[in-house]
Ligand code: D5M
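Encoded as structure tokens, the following chain is the form predicted on its own, with no partner shown.
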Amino acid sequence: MPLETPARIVRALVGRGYNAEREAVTLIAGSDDPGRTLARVVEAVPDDALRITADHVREVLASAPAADPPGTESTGSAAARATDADASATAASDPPVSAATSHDNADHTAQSTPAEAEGEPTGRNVDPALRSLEIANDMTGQSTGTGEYDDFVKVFRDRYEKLSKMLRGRVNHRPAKAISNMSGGEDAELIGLVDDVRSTKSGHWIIELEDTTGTFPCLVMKDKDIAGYVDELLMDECIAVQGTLSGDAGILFVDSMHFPDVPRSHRPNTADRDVQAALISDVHVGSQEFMADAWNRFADWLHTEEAERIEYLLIAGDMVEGVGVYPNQDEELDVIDIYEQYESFSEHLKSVPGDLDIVMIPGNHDAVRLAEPQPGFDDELRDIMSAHDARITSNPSMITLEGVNVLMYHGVSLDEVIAELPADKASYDEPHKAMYQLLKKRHVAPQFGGHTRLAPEELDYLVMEDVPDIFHTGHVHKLGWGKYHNVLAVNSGCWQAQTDFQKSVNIDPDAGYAPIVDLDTLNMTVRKFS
């Protein structure tokens, strides 16, 4: 098979253990004899080279060899045939689209993308001016919290103000203090943060709601349709209730309950052209179980013609395994030094195409504070991870790709949601359903004082003030996706095989997957590389 297309050239190079710059592939493809040129380039590059550059190819093209005598076959031609065979073998083993993944229904399983419209610029060959990437809500360098009592008051006041605004159009809110002065039997409506939930001897539920003026008890009868909502409540989330005061005006009998939620009328933004983003997380370089081979297959595939429409790579935290994250972790480390872990990650990141726009946020294994929101990495780590000019922002952050709003959050709070809520509402096997709960609450980590560590700041950066079009998380090492009120929720799995610690807590990871989202349709395909 002749090497007449860039994709075959890439596969041939991969078969020989090399990555290549896009310009280098273009130069080889445009030469008079691509197969022979490729063989000569491979012969000419230094022994320690892992990546073919455009300069390597230019040097070979500038020193063209003499023509072969008639009736003889040059070494280059024989090598070219071997390279063609490598290309065919590599092509035959391309990773398939995975069907064995968790999703809500067939509508959420992305299909093969249609052929590009005739004449429309597609793939990473397009003018960079067509790209658009903006980052909002980055709190790196903005942290003001000192851990004093007043800091906690400020962050919860800000949370209440932001979330109560989303609910005021649905209820006629009266402050808790004002309700306490009303007469028995009157109708009342209240917006507050959940301060306590407890059951009565009769099986009913009492919810204490707190606003800026005080707290007020609200009773949900067990035979009410809304009683099922009580199982979904987390401490410190914001809800609204409507009901009637008891005869002594000491408690509110709840008739209806509202969450900030994503409006059912939400219509997601889409890109104006055929362009894709790859969503991954939890790479865990430095772990003995880091799946380097799967990562290399992913990186190599990104260089192929099939992946040309992928122009953005979003990594939702845990670039490295870290040090001291869980008991006896040092026994499972391949790289002990944290800085060497990031240097190794950077080398792996260099293997993806250099013309991708890359955005990264930290996770709980990364070398930043554990309390959320997590600022982006310090200058020393940013310098180490400077490959391809990757953009680093805080966890969480809203990333806008060509008009499509992607909320990136590592996902530590998913552990808490899954632990607190019924299995049909949230589970590790279907992590996207736990994400639905966060969308419903319009907050990525509502509960304070539990498993998730929250930092007191003047502003609550964890509130979803704007509805995302895509909600991207990781952390739980499970793959799942679906749509909630037209928001695509994606938990992207991991690149780490099961560790001994994960076995001890019964976590069976979904490793080596890459969700690929069409930004013009928000359809999704999952590629498997493990």
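Numbers follow the displayed sequence, beginning with 1. Quick caveat, the model's predicted, so the values are computed rather than measured.
Form predicted together with the ligand: not shown, discussed below.
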At 4.5 angstroms, heavy atoms only, are Asn269, Arg442 and Asp469 all close to the ligand in the predicted bound form?
no
Could you work out which of Ser351, Ser143, Asn364, Ser164 is the residue within 4.5 angstroms of the ligand in the predicted bound form, going by heavy atoms?
Asn364
So which of Asp282, Asp300, Glu311, Glu430 gets a non-hydrogen atom within 4.5 Å of the ligand in the predicted bound form?
Asp282
Please name which of the stretches 471 to 479, 36 to 44, 53 to 61, 458 to 466 has residues with heavy atoms lying within 4.5 Å of the ligand in the predicted bound form.
471 to 479
Just to confirm, Asp415 within 4.5 Å of the ligand in the predicted bound form by heavy atoms?
yes
With the partner left out of view, is Ser31 within 4.5 angstroms of the ligand in the predicted bound form by any non-hydrogen atom?
no
Quick one: does Tyr326 come within 4.5 Å of the ligand in the predicted bound form, counting heavy atoms only?
yes
Contact check, 480 to 517 vs the ligand in the predicted bound form, heavy atom within 4.5 Å, ordered by sequence, gives Phe501, Gln502, Ile507
